[in-house]
Every structure is written in structure tokens, then in C-alpha cells.
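Single chain ahead, written as C-alpha cells, the form predicted on its own.
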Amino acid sequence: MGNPLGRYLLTLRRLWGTALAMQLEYQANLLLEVVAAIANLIGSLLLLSLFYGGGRALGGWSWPQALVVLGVYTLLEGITSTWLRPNLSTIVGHVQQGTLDFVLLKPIDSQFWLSTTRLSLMGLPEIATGLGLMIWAAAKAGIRTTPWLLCQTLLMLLASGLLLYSLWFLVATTSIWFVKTWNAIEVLRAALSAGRYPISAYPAAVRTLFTMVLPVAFLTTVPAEAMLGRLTLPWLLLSLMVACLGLALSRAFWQFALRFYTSASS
């Protein structure tokens, strides 16, 4: 039977190799995306700057600290464009065309296949600008990097990415029942855009909503707190728990949804 993990890694390498080869055929598009990423970042910076001036602070966050949050948000937007949108948007097409049958018949986990078959270079400029903004803003905030600070930042960014994937996959899975899920995805993106600002900038009721119901706080503010050296151990553990819970929920919901999927050949 061989090593299952090795088989999955080999499959992933071949899938991404093919996807990258296809993307590199259109190199001019990548240049346009670089320009678009820079323009989007400038727009976000101008919008954020409206909350500062006259000695004001946004939710108790200084300008450089708020830029770290914006950097995390930009990074996640890049991950969405590179990984999530190219893959999970295809679930609707598979359901409509009946090609989900072929995915389910493959000798590999269907959720893994649907989540990893495609890779786009179009989000790389946003990933680069997000990381650059985070590092620059943290330095401006007077943060000195230590091994522990770096480890907890990377850990929180990983938890944030997995949580973002879980939210996207949960919405994409509903296409088993409702073929047109694009509106729901746009609503999700609009709600997650609130993460470009520190969670403490919102009223108490909204903070509760973005922490307990739609975990926006764990996507951007918590990783930013980690990078700024202000994250406490309870919040670190809670963030990891929320990410693991999101992954487990996305897995369980996918298995549940497949019970209602009607094969095109049946």
C-alpha cells in the first residue's frame, strides 16, 4: 500500500507543479496583480489613516500597531486569492456538472483533492506586501524579534490560515444543497473585511459577534497581538482550539453533506 502521507505529498507536488506551470504561461498577469496589490494596499492605508490624526488612536492601537493588523489582513487576502478561491469555487461547478462523482471515486480523500488541486500566483503580490507591511510596522512599533516571539507569531498565522480555510470550506460545502453559493461567499468576504481593523475598535456588541460567532478576531487581531508581543497564553491556546474546532467542523459538515449528494449516474 505504501506510505499514505508520502502518497499525499507526491500528489500535492504534482498538482501544484502542474498548476504553477499553467500560471507561468501568463506572466504579464502577475505584473498586473503586483500593481493591483500595491494599489489596494495604498487604498487600505488611506482608509485607515482617516481614523488617525489629532492624536487619536484606533481602539487603543497606535498607527504602527494598527498597520500590523492590516498587514495580517492583506496576507490572508493573498492566501485567499492563491489557494482558497481557485479551489473552493470549483465545488459548485463539480456539483452542477456532475463531475463530483469522479472526485469521490478517486483513491484519495475528496476534501483534500477539492482543497488542493489548484494554485494561483495572482495572490503572491498580496502575500508579499502583507508580510512586508507586518515586518516594517512591527519594527516601527519598537518590537525586537525573539525566537519565542517568532514561533508564536508563525503559530498564530498558521491557526489563522486554517481557520480562514475552514470558514470558506463550510460555505462552499453548502453548494450540495444550494448551487448558487457565490452570494454567501461574498457576504463572508464582506464580514471578514472587518478584520483589517483591530477588534477593540468596534463597539462591545460587535466585538462579541466577531469573537464568539464569526471569529474575525482570531484571523487578524490575535496574530497581530502575537507579533507585537502582547498575546497572553490563554488567548494563544484559545486561538489554537478555535482553529482545530473549525477544521473538525468543516470535516464533519463535508461528510454530512455528502449524504445528501445525488450522484449524476444514479
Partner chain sequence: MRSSAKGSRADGSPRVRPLRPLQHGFRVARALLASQYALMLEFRAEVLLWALAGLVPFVMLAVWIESPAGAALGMGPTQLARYFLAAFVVRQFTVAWVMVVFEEDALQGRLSPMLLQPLHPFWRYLASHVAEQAIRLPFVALIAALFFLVLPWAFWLPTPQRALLALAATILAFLLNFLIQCSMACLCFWSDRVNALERLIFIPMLFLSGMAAPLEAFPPALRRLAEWTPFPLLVHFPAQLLAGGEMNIAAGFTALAVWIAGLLLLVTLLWRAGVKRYGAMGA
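Residue numbers count along the first chain shown, from 1. Just so it is clear, the model here is predicted, and its values are computed rather than measured.
The next section is about a form of this same protein that is not shown, the form predicted in complex with its partner chain.
**Student:** Thinking of its partner chain in the predicted complex, which stretch from 219-227, 236-244, 198-206, 61-69 has heavy atoms inside 4.5 Å of it?
**Tutor:** One stretch meets the cut-off, namely 198-206.
**Student:** Find out whether any non-hydrogen atom of residue 184 is located within 4.5 angstroms of its partner chain in the predicted complex, and reply yes or no.
**Tutor:** Output for residue 184 is yes: heavy atoms within 4.5 Å of its partner chain.
**Student:** If we define contact as a non-hydrogen atom of the residue within 4.5 angstroms of the partner, is residue 105 a contact of its partner chain in the predicted complex?
**Tutor:** Looking in the predicted complex, residue contacts with its partner chain do not include residue 105, since no heavy atom lies within 4.5 Å.
**Student:** Taking heavy atoms and a 4.5 Å cut-off, does residue 46 contact its partner chain in the predicted complex?
**Tutor:** Heavy-atom contact with its partner chain at 4.5 Å: present for residue 46.
**Student:** Counting only non-hydrogen atoms and a 4.5 angstroms cut-off, does residue 131 reach its partner chain in the predicted complex?
**Tutor:** No, no contact at 4.5 Å.
**Student:** Is any part of 137-171 within 4.5 angstroms of its partner chain in the predicted complex by a non-hydrogen atom, and which residues would that be?
**Tutor:** Nothing in the stretch sits within 4.5 Å of the partner.
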